[in-house]
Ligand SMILES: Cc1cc2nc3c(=O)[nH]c(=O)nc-3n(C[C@H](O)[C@H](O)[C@H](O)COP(=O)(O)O)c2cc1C
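Encoded as structure tokens, the following chain is the form predicted on its own, with no partner shown.
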């Protein structure tokens, strides 16, 4: 049995393309692998807290020294990290906002990138602790940020996500990018291509 963590980060409901596509992936995966366990977290509608001063004090001090206030400050982060580490594979639905990710997803990433939990620091530098995992990231973009587009340089979404998840040890990442979703006929074609890519990836993943 494989443990999968599915996360949506769009604040939109039924009109969200990233939600729609990530749901299609999960539904297809369940049909092909009914024995697998899938945990779900909706950080678009139920955001996690942003990092604050108390969180920083707790994250960078030994747990045995924590006051009740510091224990509470890091509690949600501990829950999120435990959930994250319990998964073998990840499915993320992520819209593009201003060429990057929504603040909801950035807040989540800040909660789970933790020294001595998901990344280590020693004499050789940083070392990711989340090894042997796989991720699928399904993005929804209003414009065309594909490899052949003149706007490819504005895509700070995929490079950032590859970098930050690679930083904690996850390098086996597949992207399904639905581009041109604000462009009429191009949207229909892009969604069709994304759905085909989802089916192909389910068969291979």
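Remember, predicted model here, so these are calculated numbers, not experimental data. Numbering follows the first chain given and starts at 1.
Omitted from view is the form predicted in complex with the named molecule, to which the following refers.
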Practice item. State the residue from 91, 112, 73, 96 whose non-hydrogen atoms include one within 4.5 Å of the named molecule in the predicted complex. Key: 96
Practice item. Would you mind picking out the stretch of 28 to 36, 175 to 183, 162 to 170, 52 to 60 that comes within 4.5 angstroms of the named molecule in the predicted complex, counting non-hydrogen atoms? Key: 175 to 183
**Study point:** Exercise: residue 10 in contact with the named molecule in the predicted complex, heavy atom 4.5 Å
**Key:** yes
Check your understanding: Do residue 136 and the named molecule share at least one heavy atom pair within 4.5 Å in the predicted complex?
Key -> no
Check your understanding: For residue 18, is any heavy atom within 4.5 Å of the named molecule in the predicted complex, or not?
Key -> yes
Review point. Is there any non-hydrogen atom of residue 143 lying within 4.5 Å of the named molecule in the predicted complex?
Key: yes
